[in-house]
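The chain below stands alone and is given in structure tokens; this is the form predicted alone.
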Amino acid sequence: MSSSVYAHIRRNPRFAELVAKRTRFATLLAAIVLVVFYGFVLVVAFAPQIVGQRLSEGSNLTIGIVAGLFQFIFFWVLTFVYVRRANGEFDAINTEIVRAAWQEEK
């Protein structure tokens, strides 16, 4: 792409909308990940008795193990949510912006 196509893209108001939407969404997901991850770390550091509690009498599973496994599943779900939105809504807007820029270039 030439620099004039990039200029058309940057002038398109949908480009600013795309960047704002993507930034808000990524920031929200990053905040959720940080809260969940560091929340778990803080509980391990300051309340290890909670993490060490067994799920049931005689069980080898503790709340900490279940919480750790939950994090993996939760982060996979968040990744799926991001990829689904990026491949759907964000890619559609991106394609629209690039087509408009090429048409303006002609």
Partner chain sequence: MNASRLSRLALGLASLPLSAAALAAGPAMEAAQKQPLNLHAIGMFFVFVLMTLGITYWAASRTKSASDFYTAGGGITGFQNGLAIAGDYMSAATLLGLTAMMYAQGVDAYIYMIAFFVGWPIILFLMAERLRNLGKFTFADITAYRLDQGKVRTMAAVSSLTVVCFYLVAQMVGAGQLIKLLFGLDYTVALFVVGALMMVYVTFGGMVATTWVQIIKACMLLLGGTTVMLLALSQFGFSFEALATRAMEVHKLGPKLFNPGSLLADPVTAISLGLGLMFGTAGLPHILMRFFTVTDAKEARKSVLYASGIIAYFFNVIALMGLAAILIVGQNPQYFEGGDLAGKIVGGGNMVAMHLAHAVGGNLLLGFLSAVAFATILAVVAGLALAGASAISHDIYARVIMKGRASETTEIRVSKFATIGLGVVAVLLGIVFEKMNVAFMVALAFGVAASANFPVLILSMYWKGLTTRGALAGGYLGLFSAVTFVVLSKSVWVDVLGNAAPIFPWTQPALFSMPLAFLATIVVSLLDSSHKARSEREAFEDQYVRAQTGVGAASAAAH
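Positions refer to the first chain, counted from 1. Since the model is a prediction, treat every value here as computed from it, not as a measurement.
Absent from the display: the form predicted in complex with the partner chain. The rest refers to it.
Among heavy atoms of D91, some come within 4.5 Å of the partner chain in the predicted bound form.
The closest non-hydrogen atom of A100 lies beyond 4.5 Å of the partner chain in the predicted bound form. Contact annotation for G52: at least one heavy atom lies within 4.5 Å of the partner chain in the predicted bound form.
The partner chain in the predicted bound form is not approached by R14, whose heavy atoms all lie more than 4.5 angstroms from it.
Residues of 36-66 lying near the partner chain in the predicted bound form, listed in sequence order, are F37, Y38, F40, V41, L42, V44, A45, F46, P48, V51, G52, R54, G58, S59, N60, L61, T62, I65, the criterion being any heavy atom within 4.5 Å.
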